[in-house]
Ligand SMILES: Cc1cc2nc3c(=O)[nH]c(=O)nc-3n(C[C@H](O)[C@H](O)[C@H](O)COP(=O)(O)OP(=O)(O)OC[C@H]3O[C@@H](n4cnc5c(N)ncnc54)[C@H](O)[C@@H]3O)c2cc1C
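Single chain ahead, by itself, as structure tokens, in the form predicted on its own.
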Amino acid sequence: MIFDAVIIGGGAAGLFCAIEAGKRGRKVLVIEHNPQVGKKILISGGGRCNFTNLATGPENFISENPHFCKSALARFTPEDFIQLVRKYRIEYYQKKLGQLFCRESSRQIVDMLLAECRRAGVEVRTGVRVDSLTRPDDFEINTAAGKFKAKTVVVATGGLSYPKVGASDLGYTIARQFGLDLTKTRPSLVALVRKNAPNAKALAGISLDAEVSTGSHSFRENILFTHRGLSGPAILQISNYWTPSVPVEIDLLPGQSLHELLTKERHRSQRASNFISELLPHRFVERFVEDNFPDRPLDKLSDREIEFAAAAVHKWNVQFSETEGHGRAEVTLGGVSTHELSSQTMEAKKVPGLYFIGEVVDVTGWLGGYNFQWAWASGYAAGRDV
């Protein structure tokens, strides 16, 4: 069968691209290797899909070329997607920091996208594995269900995160096949594993508000102690910028001054650990004080010990050895180099008719709906051009 466009990947970016192309009268086929489309949408946001973020801007994305995402994001905004959500009367709410979630279920977003595909005349085939992509004249897509031909092909295969829902390296393989450069990939928006942390298991389950920093990047949200290291929103955010050789600095009492508090109360005979337990979880303080400064009565602490305690709490340096891997990561950092693609259309400069959109591209958003907005925006850009 011959199509104007075949889209490989029935996730957020692929479906949205198909909708836009179909609206323009193109004959479009979506191929998805899973038994159903949108599996990553369904599990996102705890089953409620954090489908966009009101505060989306280029500064919320990581790429070798930080300017690349500007065009697509400007042409399809969070408000544009919200209008579609409202059209289908999907109730949503703002959780925090501009994050929008479905009030009921992620399934509503998938159903909406499929309904739009039907309205646009898009054909969707699931359970179809792509074996190879060639281009003798038009593109030929060889699959277990037969051969399809197309004038244009859009690669929307995602990254390597969530292998349990079918993630694969197909998109990267296609890019290499056609001579396109890739930036280094790794798991991101992911928990980090601490190096040399004997108390990790004892601290597991403790959650607290903290400011986490590395380089010029800083995030203030909760952190969560795990059996191997740290997780929680602030850690997931910083994982986008983390490098193994550089410690991450954590302020365990953001917005307060432990130095001032200890100085003010140093007339008391209360032990330092008991005093700090009024500010931080007791189970954490028991081990943190023991490892970082002497647990003496407040009235016995010297000026130097107070300074040392304050530095330990506000500038806790943590060395991480690795991430929890693609199986626990929400996204894949890196991908098809943006230098290979048109920022206007997502088309490969070297290979006319071949497009890359969504997570497979070297554009990675923060936690909080930004990666979905990139999926909609990049899908829209390609869909308006194929």
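In this text, residue numbers run from 1 along the sequence as written. Remember, predicted model here, so these are calculated numbers, not experimental data.
Heads up, the form predicted together with the ligand isn't pictured, but that's what we're talking about next.
With the ligand omitted here, the record of contacts in the predicted complex names 149-157 of 149-157, 229-237, 78-86, 292-300, defined by a heavy atom within 4.5 Å. By the 4.5 Å heavy atom rule, the three marked residues N50, R129 and E330 all count as contacting the ligand in the predicted complex. Remark: L224 does not count among the residues lining the ligand in the predicted complex, judged by a heavy atom distance of 4.5 Å or less. Residue contact check for P187: none of its heavy atoms lie within 4.5 Å of the ligand in the predicted complex. With a 4.5 Å cutoff on heavy atoms, I43 counts as touching the ligand in the predicted complex. Heavy atoms of A377 never reach within 4.5 Å of the ligand in the predicted complex, leaving it off the interface. Contacts between 9-39 and the ligand, taken as any heavy atom within 4.5 Å in the predicted complex, involve G9, G10, G11, A12, A13, G14, I31, E32, H33, N34.
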